[in-house]
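Take a look at this one chain, the form predicted on its own, written out in structure tokens.
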């Protein structure tokens, strides 16, 4: 039996293990992973955000090693993470990312990408343009999540817009909105991280010092108190887009949503095609978000480092 190294979550503990090389099922491709990206959801999975045991990770770039049709072998690819049944009433309505039977690598009923090899359905695979470097391509999935906001809501030009949280997703959301021509203010806690956005004309302010109000807010704090803060600084009839996913529960007085007629919108995954085209333009400084790259053999250390306060993006490089 051929085995490969993988970063595995078992009973809330991260382990580096030898696991069988994945079997390629009909309609799937075998992909040799180059880099995996650690995101806040991975860190929350360790804390028990949702029950999961198996190989961690869902952000990656890799090379197709085996394609039964031979069309994509040798091509660099990224993968959409929602693996839907395609046949239920939700899928037939075009909402495949909400399929009740869906599997999600590293999150729900499917091994993830922090391994030397992974398999994914052909329909989930997107070739990476030649102009996009490997490390940039790892940002496709979270960048797509940022683009989803523009799919869900219309932001009038006159709106005051704020991003709460200067973490990995917050920075990418700010980049997406700036690329769309939307004037944005970032409210964070780390001036050195917000400096990444300065070339894009995005103003960064310390959140606790902000005294104003906003028409439109995106909560990327990764903290249950983020929504509480958003409700304090949102204008009546304003819109809050909630991107935060945390294991910790929160008690929220929803009465304010009624009294102030506030729209609260949940938002997660997004379109991969537009995200790759955005990266292809080369205008987003995503490479400046990378703090450190760890080899897979130091994957446990990588997870621990990624969880430290103020750390930006951490990548795991698969050893060949």
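Since the model is a prediction, treat every value here as computed from it, not as a measurement. Positions refer to the first chain, counted from 1.
Another form, the form predicted together with a further copy of the same chain, is not on view; read the next lines as being about it.
- Although the partner is absent here, residue 46 lies well away from a further copy of the same chain in the predicted bound form, with no heavy atom inside 4.5 Å.
- In the predicted bound form, a further copy of the same chain stays beyond 4.5 Å of every heavy atom belonging to residue 86.
- Though the partner is left out of this view, residue 243 does reach within 4.5 Å of a further copy of the same chain in the predicted bound form, counting heavy atoms only.
- Proximity of residue 152 to a further copy of the same chain in the predicted bound form: non-hydrogen atoms within 4.5 Å are present.
- Just one of 282, 255, 295, 70 comes within 4.5 Å of a further copy of the same chain in the predicted bound form, counting any heavy atom, and that one is 255.
- Think of it this way: in the predicted bound form, a further copy of the same chain has a heavy atom of just one of 27, 273, 266, 51 within 4.5 Å, and the residue is 266.
- Figure note: of the listed segments 109 to 117, 123 to 131, 194 to 202, 91 to 99, the one touching a further copy of the same chain in the predicted bound form, with heavy atoms no more than 4.5 Å away, is 91 to 99.
- For the stretch 222 to 244, the set of residues having any non-hydrogen atom within 4.5 angstroms of a further copy of the same chain in the predicted bound form comprises 227, 235, 236, 237, 242, 243, 244, in sequence order.
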